[in-house]
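Single chain ahead, by itself, as structure tokens, in the form predicted alone.
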């Protein structure tokens, strides 16, 4: 039951009706016995600045940030961590003494997925598919795990090169149509799809890739979690390759935010179970 003492949390985006975060976080908050409530916050781009001012006047402890605000929110906050600056995106905000402080927990979420797959990135080679915002946290996570070489493959090489310049080290950029793309795939120890290709409802789409030339011990990681097995992962599995989807990344980035807000460890297994149940309910209703 929400009272005058209940601390508020939420997820801010536009649109926001697709988000599973309220279900996941409220389940974890209830399990921990904490007097918090996590709300969906529908915020159009033109209302972002005013909404942040409004947040400061209410009993908000913090909130998550999703599309399209992860980049635009940076200059509007009172403080941003160095990690979030490096990535160029904020996905978690804490309200501390009237100030809004921005973090990026997507990096933690992504590396948790690596750990769950028992993948050691140190001195390995990575190929990242896509040069959008999601690729930023993936590259930062791989660098944090001491990856040796990173290549970005994308349809828009210019966009990939702009992304690569955000990181203080050499990152190779190639077009999907380049012969060098296949050469990089042959040496890759991990291939990560950061594009939305294959995400519901466009489940028949996938980035261009020839899995027959990828090393048999490589990890194929898709940060999409709906569907649970994308066409990208299904074709990789058919070639005998090890795969990982975005479920752990989503839950663990949420768990990291939960710890920042509350100082408590959430029940991660319950968060995963809640996500899976929410996905099942959506499939029964014909939506994701």
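Residue numbers count along the first chain shown, from 1. These figures come from a predicted structure and were not determined experimentally.
This protein has a second form, the form predicted in complex with a small molecule, left out of what is shown; the following refers to that one.
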For the three residues 130, 156 and 176, verify that every one has a non-hydrogen atom within 4.5 Å of the small molecule in the model of the complex; reply yes or no. yes
Just one of 241-249, 39-47, 255-263, 52-60 has residues with a heavy atom within 4.5 Å of the small molecule in the model of the complex, so point it out. 241-249
Using heavy atoms and a 4.5 Å limit, would one call residue 224 a contact residue for the small molecule in the model of the complex? yes
Give a yes/no on whether residue 196 approaches the small molecule to within 4.5 Å in the model of the complex, heavy atoms considered. yes
If you check in the model of the complex, is residue 192 within 4.5 Å of the small molecule, heavy atoms only? no
Do residue 87 and the small molecule share at least one heavy atom pair within 4.5 Å in the model of the complex? no
Sort through 126, 134, 139, 73 and report the residue having a heavy atom within 4.5 Å of the small molecule in the model of the complex. 134
